[in-house]
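In the form predicted alone, a lone chain appears below as structure tokens.
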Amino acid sequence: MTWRPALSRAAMLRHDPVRQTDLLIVPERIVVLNEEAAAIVGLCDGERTVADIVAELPEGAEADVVEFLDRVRAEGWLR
């Protein structure tokens, strides 16, 4: 858990005021994030470790957060 996730250079996190939701914009794709996913991605600043990110979220979410980060990393949206 020493990985310090950050958005890849090709990804951007943006808020869509029309839809009132957060979007992850990646090449050739726009991913609509739910509130929890947006909160997790928003914490991926390259400074926080996975453990730091988990500590800032509701208790008991560790397994889900780690799984989500691994999935997003596998997509190439996090480095």
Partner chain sequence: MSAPWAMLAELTHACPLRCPYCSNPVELAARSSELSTGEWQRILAESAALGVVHAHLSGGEPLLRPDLAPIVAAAEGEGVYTQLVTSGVGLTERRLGELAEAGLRSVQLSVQSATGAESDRIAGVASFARKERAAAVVAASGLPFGLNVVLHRENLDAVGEIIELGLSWGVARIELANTQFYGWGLLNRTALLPTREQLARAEATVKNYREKTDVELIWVIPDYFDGVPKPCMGGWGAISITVAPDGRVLPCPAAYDLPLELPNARDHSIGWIWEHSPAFNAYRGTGWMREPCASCPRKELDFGGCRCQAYALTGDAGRTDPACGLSPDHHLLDELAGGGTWTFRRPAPSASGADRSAP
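Positions refer to the first chain, counted from 1. Quantities reported herein were computed from a predicted structural model and do not represent experimental measurements.
Just so you know, the form predicted in complex with the partner chain exists too; it's not on screen, but the next bit is about it.
Visitor: Indicate whether the partner chain has at least one heavy atom within 4.5 Å of a heavy atom of Leu23 in the predicted complex.
Guide: Heavy-atom contact with the partner chain at 4.5 Å: present for Leu23.
Visitor: Could you confirm whether Arg71 comes within 4.5 Å of the partner chain in the predicted complex, counting heavy atoms only?
Guide: Result no; Arg71 lies far from the partner chain in the predicted complex.
Visitor: Wondering, does Met12 line up within 4.5 Å of the partner chain in the predicted complex on heavy atoms?
Guide: Yes.
Visitor: Taking heavy atoms and a 4.5 Å cut-off, does Pro27 contact the partner chain in the predicted complex?
Guide: Yes, contact at 4.5 Å.
Visitor: Please determine whether each residue of Asp16, Arg19 and Val32 possesses a non-hydrogen atom within 4.5 angstroms of the partner chain in the predicted complex.
Guide: Every residue of the spot touches the partner chain in the predicted complex.
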